[in-house]
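Given as structure tokens, the chain that follows is alone and in the form predicted alone.
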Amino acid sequence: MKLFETKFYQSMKSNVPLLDRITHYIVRRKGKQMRPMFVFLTAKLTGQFQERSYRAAALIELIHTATLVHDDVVDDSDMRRGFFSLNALWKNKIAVLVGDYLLSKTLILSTENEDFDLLKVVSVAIKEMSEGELLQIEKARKLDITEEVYFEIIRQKTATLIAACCEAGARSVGAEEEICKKMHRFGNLVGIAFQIKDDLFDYTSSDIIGKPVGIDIKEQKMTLPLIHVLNKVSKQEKDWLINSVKRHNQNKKRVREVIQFVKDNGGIEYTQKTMEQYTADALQILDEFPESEYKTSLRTMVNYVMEREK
């Protein structure tokens, strides 16, 4: 990971001093770096680790960073991981251009090294992430989300990039096609479990972890606990819930009532069980590989997804 950080910073370098200042700011405020870890561990699980694996991780991290920068502009967010976002410090225009620059770097890094298989993997991820965001915006207007649509949104928004990490890791070491597809499925399952856990925080966390309780409801995001309860209560209760999310989502008392109603009607237990099932399915794929320290580390990461507190 230390060597990767150096390579990643080099992959962002430019001749424009302002850009270099901004990329330096980005690198210093890195998050958990789960995605490069998934690339490296799946590479080591499925073949002989090589230089291409560093490029695969850099491609993923460049995309991830670009989408976060653009997300902050779209959401008009001033903070990211407890620090000021780029748009808060350098305004929207510069933030959008920096996001574009990072995306262009993924194209250059992959084409210069003729990593066309890796470019295909990350390009599909970018396309699906955009589709997922737009699908969520479209559905938020009508609040007519079914479980099926919810899973499609989180698969595209979150899981597709983790699936790309795991597939790119396997492809970077020349693993067989069947293995690459298996690792993609593994990442997909882990990514869905990761997002379900995030959605649970809306009902179970406190402001301490950085995501205030009820933030999804305030933003009119329909997540699994709420969708499950909407599908099982009476028409009168359903109308009250939808009306609360649509028209009273800024009323703290009403938001608290919605959260309590979802809890009382089994929304949390159902969501927890669903997350555990996705996690179990992901671990089942890992079980097909021989024991190794990389398999153990991946298992630890999968369990972390389920047990994390933020």
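Since we're looking at a predicted model, the values are computed, not measured. Heads up: residue numbers just count along the shown sequence, starting at 1.
What comes next is about the form predicted in complex with a further copy of the same chain, which is not displayed.
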Might Leu19 be said to contact a further copy of the same chain in the model of the complex, defining contact as any heavy atom within 4.5 Å? yes
How about Ser14: is it within 4.5 Å of a further copy of the same chain in the model of the complex, going by heavy atoms? yes
Decide whether His70 counts as a contact residue for a further copy of the same chain in the model of the complex under a heavy atom distance cut-off of 4.5 Å. yes
Please check if Asp239 has a heavy atom lying within 4.5 Å of any heavy atom of a further copy of the same chain in the model of the complex. no
Options 229-237, 176-184, 128-136, 189-197; stretch whose heavy atom lies within 4.5 Å of a further copy of the same chain in the model of the complex: 128-136
Whether Leu283, Phe289 and Met301 jointly form a contact site for a further copy of the same chain in the model of the complex is the question; each needs a heavy atom within 4.5 Å. no
Residue (of Ile145, Ile217, Val98, Ile154) lying close to a further copy of the same chain in the model of the complex, criterion heavy atoms within 4.5 Å: Val98
Judged by heavy atom distances of 4.5 Å or less, which residues of 167-202 approach a further copy of the same chain in the model of the complex? none
